[in-house]
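First, one chain by itself in structure tokens, the form predicted alone.
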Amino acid sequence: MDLGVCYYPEHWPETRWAEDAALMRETGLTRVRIGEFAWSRIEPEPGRFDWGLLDRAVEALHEAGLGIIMGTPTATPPKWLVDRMPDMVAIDREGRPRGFGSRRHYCFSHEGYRDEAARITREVATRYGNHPGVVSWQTDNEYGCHDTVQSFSPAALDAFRQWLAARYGNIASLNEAWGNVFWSMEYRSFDEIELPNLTVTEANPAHWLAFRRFSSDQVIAFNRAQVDILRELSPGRDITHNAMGFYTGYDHHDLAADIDVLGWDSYPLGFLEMFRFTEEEKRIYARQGHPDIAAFHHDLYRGCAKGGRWSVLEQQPGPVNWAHYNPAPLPGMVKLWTLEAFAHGAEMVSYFRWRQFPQAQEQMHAGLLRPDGKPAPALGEARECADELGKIASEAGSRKEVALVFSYDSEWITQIQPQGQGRSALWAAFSCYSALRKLGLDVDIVPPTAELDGYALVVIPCLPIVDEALAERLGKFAGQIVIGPRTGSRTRDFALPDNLAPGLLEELVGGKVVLSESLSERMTIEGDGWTGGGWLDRYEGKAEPEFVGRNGEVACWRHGNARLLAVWPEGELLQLAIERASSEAGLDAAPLPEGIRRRTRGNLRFEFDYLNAEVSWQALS
């Protein structure tokens, strides 16, 4: 695994570049990521290019023996471009323009900006596409960051109408698919359709789902245009992009199909503080991050990536600047995060950033060096990682034990129509993943299209749309299956299936769900050593009750090799159901001590102690 760093030579005196590059190599870094925010220096005036700074930076880094990951600078179009095309900015859900002054100020659907993005990509690729120091490319930066996938602009409206016409063919088909007879919402032509924001009350959920799919497709098309240029002008080099944590604004499976290596940006402390972890978890793991945050995304993006090729393009090395509170990592955590990525199969871990910048929005975001250029604590840990990786002799690959099925439109559906506060498909997946990891199991997070051969256990936390191919594979699957609420509960166009949930899985679970309730925290189901809640499905069929509350409510049903959870997949009930299914699947699963996680890579088993920030590994017999 390569170690790298994100570097911005335009931020520092040129006299410092060679010193920085030499220190990077001395630390054991072999990759350096540059250029993704440099458009204003590359093209300070329309059509006038100044390549001097970037040329010299590329030479300095290359001469030091560093492989360069060159970014296309399209995440930060310069002011002169926005002034020329003021309608290129996105419009938010409330109808307000998202203007210049930070970053990501563009609409994916704006044809003029698409042309400009392709133009600057072609210029950069022509300049550096065959330079021996450029070993790979990164497109743009963090698609969707700051909630920028959805735009409610005139350009998006025009593109959405064209997308709908191509998808449905005629307006009668759309009206039928969306159920527009309800509330007299029928359209006479595609030109009558508006975007789903700014309605009096909620818009048709089928309308929203179509818009979510359209918005995702716009991201993919925008990215593909750059990929095509880079493949033409810089053949033989990998292309990557940096996805984000707990972000589902577009379908990462679709993005990954067009690139070679899917990267993601790992900020475990910021994610712990900003997302839905308990106050107790935030207290215990304030300087480590929850033990499953990084691993969940490693396995999610590995499952999205073409050929399973993935990396960490930004690894947190110290305090960040964007969470509610921004503590420093516990000593040893940067090393633990790095080696954990290796254990999950990463091709590279790149630290963000090389040196803390003393100005602008990220002046409080730590790097491997302090603002004064002196080493920050993480620099030594990066050097330790380079030394350790040089000593580890590991085969590639991991064992097939558990397949956890997740799709992005599942999360879109639960966002559009949650039916209960916080009932999220993404977080159901995270809860199931964490329950499996607490048993020491290796988990592959896979799309609904994945083959299931070789797995002992399949877990489907929340998958509202189940197609015939998946239903057939599950029907033939010989191992154990755990199915969560809402699975099979919707058609492709957001309608209830004629035979009710779980739709095409009715035979697998021996019956159907005839009523669904979402339960508040006040309405828990208590059993022998467990509690459940958040949701309650009323089931009718041949399955046998497995977990029954003291009030007689059934929290989990069992039919053949399938378990159907009637409550939301979280907490003690989920852990018990996962433990039973793992045992019956023949897996070597046992509860691990608090804060301990394991992962197998080839012939090695790694153990990560999150409480004490320690890593160990041993060869498997």
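Bear in mind that the values here come from a model prediction, so they are computed numbers and not experimental data. Heads up: residue numbers just count along the shown sequence, starting at 1.
What follows is about the form predicted together with a small molecule, which we do not show.
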Inset, instruction - Name the stretch: of 139 to 147, 162 to 170, 487 to 495, 420 to 428, exactly one has residues whose heavy atoms fall within 4.5 Å of the small molecule in the model of the complex. - result: 139 to 147
Inset, instruction - Would you check, heavy atoms only and a 4.5 Å threshold, whether W51 touches the small molecule in the model of the complex? - result: no
Legend entry - Touches the small molecule in the model of the complex: N242 (any heavy atom, 4.5 Å): yes
Inset, instruction - Please run the contact check for W178 against the small molecule in the model of the complex: heavy atoms, 4.5 angstroms, yes or no? - result: no
Legend entry - Interface membership of Y106, the small molecule in the model of the complex, 4.5 Å heavy atom rule: no
Legend entry - Non-hydrogen atom within 4.5 Å of the small molecule in the model of the complex for each of F37, W322 and H365: yes
Inset, instruction - Using heavy atoms only and a 4.5 Å cut-off, determine which of Y408, Y267, Y301, Y247 is in contact with the small molecule in the model of the complex. - result: Y267
Legend entry - The single option of W412, F342, F352, W310 touching the small molecule in the model of the complex, heavy atom within 4.5 Å: F352
